[in-house]
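Given next are two forms of a protein chain, the same chain in both, each as structure tokens and marked structure 1 or structure 2.
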Structure 1
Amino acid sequence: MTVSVQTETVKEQFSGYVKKMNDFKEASGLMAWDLRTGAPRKGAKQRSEVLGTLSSEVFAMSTSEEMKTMIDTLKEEEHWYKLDDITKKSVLEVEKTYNKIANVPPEEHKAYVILTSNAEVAWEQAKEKANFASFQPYLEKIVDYNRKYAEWVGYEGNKYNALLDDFEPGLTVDVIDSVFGKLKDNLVPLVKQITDSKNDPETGFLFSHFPKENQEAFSKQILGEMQYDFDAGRLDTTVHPFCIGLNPGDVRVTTKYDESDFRTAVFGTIHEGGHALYEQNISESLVGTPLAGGTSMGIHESQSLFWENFVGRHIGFWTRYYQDLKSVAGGSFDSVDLHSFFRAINVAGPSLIRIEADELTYCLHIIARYELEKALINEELEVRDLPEAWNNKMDELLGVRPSHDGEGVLQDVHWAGGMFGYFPSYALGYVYAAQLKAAMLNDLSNFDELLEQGNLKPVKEWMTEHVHQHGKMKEPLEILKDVTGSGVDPDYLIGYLSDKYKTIYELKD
């Protein structure tokens, strides 16, 4: 006998269930923010227990029999056609998570959580002492798990696709190889050209003393100009700046102030502000569903990079705001003209450390990591050979070679945290940003003038209309297709970087 259920009944049960999961995640998010912004040291251990409890709860709910039954029921023909689009997409979203997690043996998952937690501690010590050997056993186990994980969750084509899907759904090794190949072909020679050009901008004045309070005031001004809503967020200080969206009405940004280099705060704030605009402007209709977040790491990064570089390092932007910056810089820039300032903040060149890299070389740092982790997952490279492979890759792409592993293979926490498949998103974000910028110019052909006028509202509104509001209702490639009419296309980024840096470094074609 089939028991017939009302669609509305299951739908309500499902909505309540995913809302509860969201609520637990929001509570966790606030605790994470608090731990980084000023929670008392002695309470941290117990706070981690609470975070553990909430995340176990969410994990259990994601993989419960109840969840499975709701998904299966809603997907039955008699119910499915009655559902609204948001509910349909929500069902598909949680189903995807369910299918993945349900294939991972729970005891392996649990051991992995403990492993990566310990590995992060080991990594920190290894990095400090530039001692890869002490971290190697952890990384071997982590790579081993990720190889198995790919098999558990399944993939088509390259094994690495299984991992990519967790961060950039829809993207594959084939596409990325082609995109990153073109980037390499064009950026490697361009970097060499500027290195050889001897036209490095003068940058000494960038390191003049700039009072923290004034940096904070300027950072807040720029956030406001970007249309960041301070009634739906706040700006705090942390060692590692970040943005966290708790709900669209509460999206918090942090930054840090270096009195000897104002760029850390100013460009860092604009970057995190770009992430924040995304989270603040997700449609209210998605709140409480699994769709109320950025659709992928890459699209998220396209937003932060768009604002940081395509706006914040644009000559038009500083045509409007350089005077404001000067007025709070304590006289440091009084003798520096706009053009010199603009060249200085766009200084570029090969370097060893990713997070200190400039707009031009950043993608090459990412490509190096991508190629290495793809080889690791496909068993074409073993962890013991990784440091040497890293150094060779840096040499090949950037012409620099780390003198020790602390400034080489040990510099990033991602692998210690088990985040394989994440790195490509950073470079894809650049590629997306350049594509979005090109599409934006079709609607806002006066983009340069808007920046010169400090009229950033139309720019933000364009991003809200085309990207922000949709949350996870659209996949990354869907957004790209709808906005630009095409797939991932690195030509826009290549064109943008070539034009910009040939001008700044006065290169001959």
Structure 2
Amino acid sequence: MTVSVQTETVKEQFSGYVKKMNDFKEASGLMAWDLRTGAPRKGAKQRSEVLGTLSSEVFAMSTSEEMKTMIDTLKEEEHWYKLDDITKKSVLEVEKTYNKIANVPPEEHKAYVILTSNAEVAWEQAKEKANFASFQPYLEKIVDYNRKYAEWVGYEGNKYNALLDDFEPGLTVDVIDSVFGKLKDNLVPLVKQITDSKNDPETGFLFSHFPKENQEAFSKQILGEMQYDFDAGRLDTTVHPFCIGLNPGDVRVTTKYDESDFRTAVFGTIHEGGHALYEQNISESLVGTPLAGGTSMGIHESQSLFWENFVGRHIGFWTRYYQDLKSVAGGSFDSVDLHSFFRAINVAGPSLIRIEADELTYCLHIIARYELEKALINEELEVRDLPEAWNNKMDELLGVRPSHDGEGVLQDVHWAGGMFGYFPSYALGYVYAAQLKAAMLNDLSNFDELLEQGNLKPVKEWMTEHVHQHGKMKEPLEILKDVTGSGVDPDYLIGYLSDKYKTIYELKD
């Protein structure tokens, strides 16, 4: 079909405008990566100002009359039917953003970006000193903004739905409460059974000295085996591990090394590597559009948790890679057989730190945070009362209580970064991952054998075909429905965890 000059002209204007916005976002992302990976502290304040300026430019462009005019013009019938699918989806994506944030005062948005950039630095210092009081003023302002933001953008039902939509489109508090309620009902008793079990794996050898440089070498090896493209990324060190996708050709992974517990780095790297594979394998046709990213944080987490747990903690994976680990571990595991090692890395039980939590208790950490931040946004809890509420929630769900705020309410950077509505994605991602794994087995019935052979390429390619390449062309629930045939279903995860841990701990039904 021949596209009229007028339509093509507006389309080119729109594409150029959106690409300019993406360029600003990429520059901001690079600065954010630098702030978290060793930028001088004395430069943080100025860097935060620069981030605020760039973010304000993107915000202004997103809500400008020029953007509105292009959206309205392209959606006119004479133009719309002539557009390709990618352009149509791009128009709908920026229209959603426009409609959502048009009522957010620009000066409030800029101040908030500066606030959260400074708050991340303040959080890091507060965490080091386990001093919540020093961080409290920042968090109070952040919570206040998010309460107002929910009103500005609007919502149906629970106020928290406004924040959820930024990270997990299509999900609501009602759905999440139902899914998380089922997880709690099944996981809390199972954790209690394991806590009371007399069949604990021996884990002492896990804490043997393991040089950082050797951990790094092994981590890089595994990233390569996962098909991570080092020509399109890099591995760095940070306080709180993360992955950042600047564009599919520049996707960076960070990790944290603990020489007395190699699991922090190895499993953390595998986790972030799962995120990176998603970003590196988005279709090139989407680059430069607002669709060149993960469709939701839940789908993103499905990728990281799939690789960390369904691959990285699978017996087949270590059948292939345990000897490689032993060869760089300085003799620490020489007397430990594969079965004992496998049981040890899958040890489960209540713990205080989310990023070090085992896969059985992980969702309970997320549910605790979800319930707390939902209460904060709905003004049922105030920031000053958060440390005590945190401790009580950990006691309720996991039976443990932090001894100080550094291992309690201050352990995560997300609230400092203003990421309210994000935490549910972690547990939802785990639910999605279990559903995707079940669907994968229909095509890769030899999944276990592939891991034993160290042949991870077919696993990665399956995920690229069904998830990665689509970017934001598909909504999260659309991907889930297309691949698994159903909506959000926690039964797959509950079944997986129940079967695995009843076997490891020799529990009776």
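From a predicted model like this one, the values you see are computed outputs, not experimental measurements. If you superpose the two forms and keep the largest set of C-alpha atoms that fall within 1.5 Å, you have the rigid core. Numbering runs along the sequence of structure 1, starting at 1.
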The form predicted in complex with a further copy of the same chain? Structure 1
| Any chance the CA of Arg384 moves 2 angstroms or more between structures 1 and 2, core superposed? | yes
- Item | Core-superposed comparison between structures 1 and 2, Ala60 Cα displacement 2 Å or beyond | no
- Taking the rigid core as the frame, does Glu284 move its C-alpha by 2 Å or more between structures 1 and 2? no
With the core held fixed, Gly157 moves its Cα between structures 1 and 2 by a number of Å equal to 3.7
